[in-house]
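Next comes just one chain, in structure tokens: the form predicted alone.
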């Protein structure tokens, strides 16, 4: 069973529909009590970092999520959800994140148009069970202006080129993140979600 966190700053329907399509049991929650008993957690997100963090803290989900992550259950952050897992973000100031993954979130530095919207090919650069059966060169869908800079570049498991190297995915112990939207990335994205559903730690 996968627990999807609905903190009010995410398109939950597409993610749930993707898991339903794959035949993977999932539930959606807005309460911290469900996080404490979760077997696997997905933290999606779109919008502003600070507003989403405020909601997670107000509901107690932030503390519950950090507790379960420390216990070693698999956690997947998607787009803003991945950014929230990091130590801090420079979006509209300097705001603390969940600090589950060491590193920061900063604006993409590129000569290309921001936000970065559309399909981009992946370059897999590290081990990540999310990419089982997936090769470099496959395309996924991005919508973002900020990206994650891990404290150690070895935490990057995939990058995308957009006038600079964008952190496309990270893997840190039992914690995983994708800057792109697997639920919008057709067969490649479905395979990534299926792989997460099959992770055993």
Partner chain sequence: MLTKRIIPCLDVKDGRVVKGVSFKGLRDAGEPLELAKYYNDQGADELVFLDITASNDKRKTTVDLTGKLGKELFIPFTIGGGVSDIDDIKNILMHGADKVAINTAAVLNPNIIDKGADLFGSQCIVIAVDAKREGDSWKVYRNAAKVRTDFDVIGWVKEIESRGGGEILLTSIDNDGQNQGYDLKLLEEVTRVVTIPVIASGGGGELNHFYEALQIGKADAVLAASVFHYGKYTIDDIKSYLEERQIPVRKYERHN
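Positions refer to the first chain, counted from 1. Just so it is clear, the structure is predicted and the values come from calculations on it, not from any experiment.
Separately, the form predicted in complex with the partner chain exists; it is not shown, and the next lines address it.
(message) I'd like to know whether residue 190 contacts the partner chain in the predicted complex, with contact meaning heavy atoms within 4.5 angstroms.
(response) Yes, residue 190 lies within 4.5 Å of the partner chain in the predicted complex.
(request) Considering only heavy atoms, tell me if residue 113 and the partner chain come within 4.5 Å of each other in the predicted complex. (result) Residue 113: contacts the partner chain in the predicted complex.
(message) Can you tell me if residue 121 lies within 4.5 angstroms of the partner chain in the predicted complex, counting non-hydrogen atoms only?
(response) Looking in the predicted complex, residue contacts with the partner chain include residue 121, since a heavy atom lies within 4.5 Å.
(message) Can you tell me if residue 39 lies within 4.5 angstroms of the partner chain in the predicted complex, counting non-hydrogen atoms only?
(response) Although the partner chain is absent here, residue 39 would stay clear of it in the predicted complex, with no heavy atoms inside 4.5 Å.
(message) Counting any heavy atom within 4.5 Å as contact, can you tell me which stretch out of 31-39, 159-167, 65-73, 172-180 lines the partner chain in the predicted complex?
(response) So the stretch in question is 159-167.
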